[in-house]
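Heads up, the chain below is alone and in the form predicted on its own; it's given as structure tokens.
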Amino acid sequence: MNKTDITCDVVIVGGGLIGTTLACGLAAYGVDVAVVDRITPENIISPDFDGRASAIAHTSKVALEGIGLWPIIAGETQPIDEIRVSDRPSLMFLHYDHADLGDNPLGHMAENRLLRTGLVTLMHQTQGLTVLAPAEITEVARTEGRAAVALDDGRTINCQLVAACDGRASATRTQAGIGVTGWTYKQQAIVTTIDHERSHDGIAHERFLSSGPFAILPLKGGHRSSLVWTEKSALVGSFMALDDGAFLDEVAERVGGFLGDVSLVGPRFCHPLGLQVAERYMDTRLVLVGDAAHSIHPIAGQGLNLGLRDVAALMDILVDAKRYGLDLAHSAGLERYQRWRRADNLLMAGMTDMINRLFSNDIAPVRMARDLGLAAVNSMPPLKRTFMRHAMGQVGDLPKLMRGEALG
């Protein structure tokens, strides 16, 4: 090896939210990690880099406490105390109230820039974590005995396992010959932030319009909300081209008057929407995590939470392997991860696809059926509480970190 080569346990390809969370979590439990990304940490915390906000389910919050991120960001997050789902212009609705289950909120809203800033802070505080950014990967070599990641500066990172966290267009996944199943929707998400005259009172709103869901998500401070406006792809360009005044008129019409006067805060963004699931989550000394393994419609706000479940499950397996001196890429461990996470992710992908197709149309009989469905669930407390536990992430085979248990 060159004297500048690096040796570690795990190389994480991709320094996004999931990659850096996995890196901080593994390093906190004694696994030596190197993160490689083509973008510097300073760039990913720029206000113009990512204007989205993410819903963090209760069990995801517990996991973030376990790796040390939550104490850094908690003061800037907004508890979600209620969720109101409606089908405009119907009077039927579904209302979730956290008080029906106990004292914990249903979840928290956190701006992605806040999450990224907190993760950069945590990475600087964490021993056993090397960040290589900006850096380009020229080759990923994997054999039964070892893995090596070659960088464009001539260095090589030698490791036991490569974790692909490089997003839905993952080059690492493609190079490994792992195919995907999925499709694009004829929709895009327009994302922006608004200020409003009246307080949101910690209530998240999901309204179903003929073009798709329109979400009003509460942010810290009481008078600020993140909007996720799903619109037909053919119309998105014209909306994005509007000047601020005309664009605000379109936003205000969809929000309605319940928040009082509204104004735009910061830039607007748009993102294509689709569903994608990798055919498998593992290969020789390789594991797929987060969007590299699956991506779904944002209709239920569960995309980041699925990725965090991946992180917590993989940490369960790798931290145990490290403690017992096992090969971190042992096939039995990676196969367990694949079985554990793929079934859960496929179920959520199917549910979000079905809900989006059901609610993103204006066919009268379908609209009547879905409205009756919302009203029926709202009138059945036991069923409603079950759905609320799903939203909080409390259903299924939870990793230790999400149960608040220590690893190792």
Ligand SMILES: Cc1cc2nc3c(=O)[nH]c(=O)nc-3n(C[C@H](O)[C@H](O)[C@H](O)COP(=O)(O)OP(=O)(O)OC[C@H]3O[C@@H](n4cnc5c(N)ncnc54)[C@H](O)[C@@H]3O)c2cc1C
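Numbers for residues come from their place in the sequence shown, where the first is 1. For clarity, every value in this text was computed on a predicted model and none was experimentally measured.
Separately, the form predicted together with the ligand exists; it is not shown, and the next lines address it.
- [ ] Using heavy atoms only and a 4.5 Å cut-off, decide whether all three of Arg88, Pro213 and Leu374 touch the ligand in the predicted complex.
- [x] The answer is no: none of the three residues contacts the partner (heavy atom, 4.5 Å cut-off).
Task: Sole residue of Leu358, Leu347, Ile39, Met368 within 4.5 Å of the ligand in the predicted complex, by heavy atom - done: When the ligand is considered in the predicted complex, the option within 4.5 Å is Ile39.
TODO: Report the residue, out of Pro298, Gly118, Pro218, Gly107, that has at least one non-hydrogen atom within 4.5 angstroms of the ligand in the predicted complex.
DONE: If I apply the 4.5 Å criterion carefully, the residue I get is Pro298.
Open item on the list: So, Thr59 and the ligand: in the predicted complex, are they within 4.5 Å at any heavy atom pair?
Closed with: Judged by the heavy-atom cut-off of 4.5 Å, Thr59 is well away from the ligand in the predicted complex.
Open item on the list: So in the predicted complex, is the ligand close enough to Gln78 to count as touching (4.5 Å, heavy atoms)?
Closed with: No, Gln78 stays farther than 4.5 Å from the ligand in the predicted complex.
Open item on the list: Quick check on Asp166: any heavy atom within 4.5 Å of the ligand in the predicted complex?
Closed with: Yes, Asp166 is a contact residue.
Task: Ile178, heavy atom within 4.5 angstroms of the ligand in the predicted complex - done: So Ile178 does not count as contacting the ligand.
Open item on the list: Looking at heavy atoms inside 4.5 Å, which stretch does the ligand contact in the predicted complex, given the options 335 to 343, 63 to 71, 30 to 38, 379 to 387?
Closed with: Single hit among the candidates: 30 to 38.
Open item on the list: If you apply a 4.5 angstroms heavy atom cut-off, which residues in 6 to 37 are near the ligand in the predicted complex?
Closed with: Result: Val13, Gly14, Gly15, Gly16, Leu17, Ile18, Gly19, Val36, Asp37.
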